[in-house]
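The chain below stands alone and is given in structure tokens; this is the form predicted on its own.
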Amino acid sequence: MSTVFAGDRPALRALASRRTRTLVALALALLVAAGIVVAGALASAPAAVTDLTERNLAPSWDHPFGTDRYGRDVLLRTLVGLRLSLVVGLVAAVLSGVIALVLTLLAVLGGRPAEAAVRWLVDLFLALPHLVLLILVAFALGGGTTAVIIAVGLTHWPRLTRVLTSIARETVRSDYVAIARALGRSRLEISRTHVAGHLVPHLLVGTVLLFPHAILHEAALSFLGLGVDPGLPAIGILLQESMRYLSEGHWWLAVLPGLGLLLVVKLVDRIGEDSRLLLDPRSAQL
């Protein structure tokens, strides 16, 4: 017996080491994301300062991302835009997660009619072109920051709902839920005690994984003029404004904010993947 345990020690040490590296990577990614939010908040006022004597300057030590047509620092405006993207994306992803959880509980515990209705609704939303649906919802709501949050939140839940429904269905068929029913537990109590608690890790990971998609779609709607308020330096608005100056050689107005957006999306995606590896009990590779 001692020989067996001794043979398992290297594997256990490797498991702990990989989990530690994942925790460190997750902590660093969260720290960088928090730093972007704080830096964007601090840069809000300086980013609006204009200086017509420094219009359309190329990147330099004084202005690492250059300046725009009003002499505003593009780096400061990019930080403000990334902070806005993170906030809008987070709220929209949480909204989608809540919708997915409610529909999952309704489908699993509401009987066959409710399950059929939720399945039909999921299939309907998945069949529609995603970007077209986003544009239609944002246009119907009149555009603006609130409209973007609602549009993104109302269109990103179907796949997560399908995943959560599958997991919840397995939970409902388990022995301990059958025992709870035999003991006279109500559907609401089973839903709160057993099903919802079992879904929380999957819901958290799914919501975080929705985050990068929400950020990109917020930027797309802002680029099309249906996003956040035009007075705010969102990344999509920065990219839209830069289009008219690219032919004049002012590449930094589009390239550098765009790269910042891609790096933030990759950062958030890394947070989601690390969270999945840590919370998913089947992730034995950690």
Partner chain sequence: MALDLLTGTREPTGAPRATGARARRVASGALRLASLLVAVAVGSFALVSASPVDPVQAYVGAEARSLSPEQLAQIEARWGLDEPPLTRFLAWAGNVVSGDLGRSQIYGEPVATVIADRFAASLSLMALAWLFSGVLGFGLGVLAGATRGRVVDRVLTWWAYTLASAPTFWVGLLLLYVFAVSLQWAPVCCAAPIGTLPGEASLLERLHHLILPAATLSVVGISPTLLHTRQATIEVMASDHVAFARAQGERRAGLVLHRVLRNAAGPALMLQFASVGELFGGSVLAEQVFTYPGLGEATTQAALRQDIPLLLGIAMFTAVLVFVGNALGDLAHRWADPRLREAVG
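Residue numbers count along the first chain shown, from 1. Quick caveat: nothing in here was measured; it's all calculated off a predicted structure.
Beyond the structure shown, there is the form predicted together with the partner chain, which is absent from this document and is the topic of what follows.
When contacts are judged by a 4.5 Å heavy atom cut-off, Pro230 does not count as touching the partner chain in the model of the complex. Proximity of Gly258 to the partner chain in the model of the complex: non-hydrogen atoms within 4.5 Å are present.
Residue contact with the partner chain in the model of the complex: Ser247 places a heavy atom within 4.5 Å of it. Interface residue remark: Leu262 is counted as part of the site for the partner chain in the model of the complex, having a heavy atom within 4.5 Å. Annotation: in the model of the complex, residues Leu224, Leu239 and Trp251 each come within 4.5 Å of the partner chain through at least one heavy atom.
Scanning Ala107, Val137, Leu199, Leu90 against the partner chain in the model of the complex with a 4.5 Å heavy atom cut-off leaves one residue, Val137.
Of the residues Ala45, Ala34, Ala27, Met243, just one reaches the partner chain in the model of the complex with a heavy atom at 4.5 Å or closer; this is Met243. Stretch 216-224 is the answer when you ask which of 64-72, 34-42, 216-224, 47-55 has residues with heavy atoms within 4.5 Å of the partner chain in the model of the complex.
Within 4.5 angstroms of the partner chain in the model of the complex, the stretch 71-110 places no non-hydrogen atom at all.
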